[in-house]
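One chain comes next, on its own, written out as structure tokens in the form predicted on its own.
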Amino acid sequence: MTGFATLFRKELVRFWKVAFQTILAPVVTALLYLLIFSHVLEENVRVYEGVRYTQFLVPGLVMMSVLQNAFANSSSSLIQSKVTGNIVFVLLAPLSHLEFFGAYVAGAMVRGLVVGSGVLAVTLPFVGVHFAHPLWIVAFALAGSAILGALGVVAGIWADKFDQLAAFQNFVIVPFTFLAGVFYSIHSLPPFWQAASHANPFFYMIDGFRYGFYGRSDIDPAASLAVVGVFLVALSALALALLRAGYKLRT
């Protein structure tokens, strides 16, 4: 496990060295979302009885930050190593594909969870947040950050340049996150778009995570966790298969 620990530490140091950009910036962005949307919609939108719109919004913003930053960490680390050529030093080390995958995903999870904790901390003074089921919060936070960390590994392996990775983030990650119920309940949508939302795996992560705060969700949290678990296994299997084959890594 020495190789895993070393690569994991390298991933932590990499994002911590630029914490102003990797941690503080997304926290400030999420706070701006809260201030703007709460100011505009607080008195006009009611999602759950007894839950103010700003209270409803906070778990969605926290989970959105966790997901986006977990993806950004593993994907950007891999593409930077590929573009600069230093990926060869990781590949030459006596690391198994499991250690390689685990270190990148674990590093992504740490960054996602740190940013999510920061978003939650800065929003607490503005909103009275409840913690109805803390174990559900932890379960979905860990599973969601692991999924996006694994997806970041897949995207980082697939992309050959920064433009391709940016396109993946702008046309896949951001739309799937924004359309997953961060700012609204899917029950407010027409039937067609409700059905479409159920095809979005990000929806299950955010809806289940929100259940942990208020004990209310659009679907059963156990069903959400099952979907998230299947998605995590499938993405991990794909990433491990690519690493084992050396796809776009060993040239």
Partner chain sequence: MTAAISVSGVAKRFGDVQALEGIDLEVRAGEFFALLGPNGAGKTTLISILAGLARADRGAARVLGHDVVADYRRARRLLGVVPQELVFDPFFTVRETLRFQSGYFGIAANDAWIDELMANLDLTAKADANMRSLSGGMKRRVLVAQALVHRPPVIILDEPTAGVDVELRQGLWRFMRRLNAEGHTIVLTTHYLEEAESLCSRVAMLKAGRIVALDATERLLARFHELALAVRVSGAPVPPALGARARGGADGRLTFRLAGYDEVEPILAGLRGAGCRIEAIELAEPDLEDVFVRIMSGARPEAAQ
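Residue numbers count along the first chain shown, from 1. Since we're looking at a predicted model, the values are computed, not measured.
Keep in mind that the form predicted together with its partner chain is missing from the display, and what follows is about it.
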Its partner chain in the predicted complex: contacting segment from 112 to 120, 89 to 97, 152 to 160, 125 to 133, heavy atom within 4.5 Å:
89 to 97
Would you confirm whether the three residues Val13, Gln80 and Ala245 all fall within 4.5 Å of its partner chain in the predicted complex, going by non-hydrogen atoms?
yes
Using a 4.5 Å heavy atom cut-off, state whether Asn170 contacts its partner chain in the predicted complex.
no
Taking its partner chain as it sits in the predicted complex, is Val230 in contact with it (heavy atom to heavy atom, 4.5 Å or less)?
no
Check Val18 for me: does it contact its partner chain in the predicted complex (non-hydrogen atoms, 4.5 angstroms)?
yes
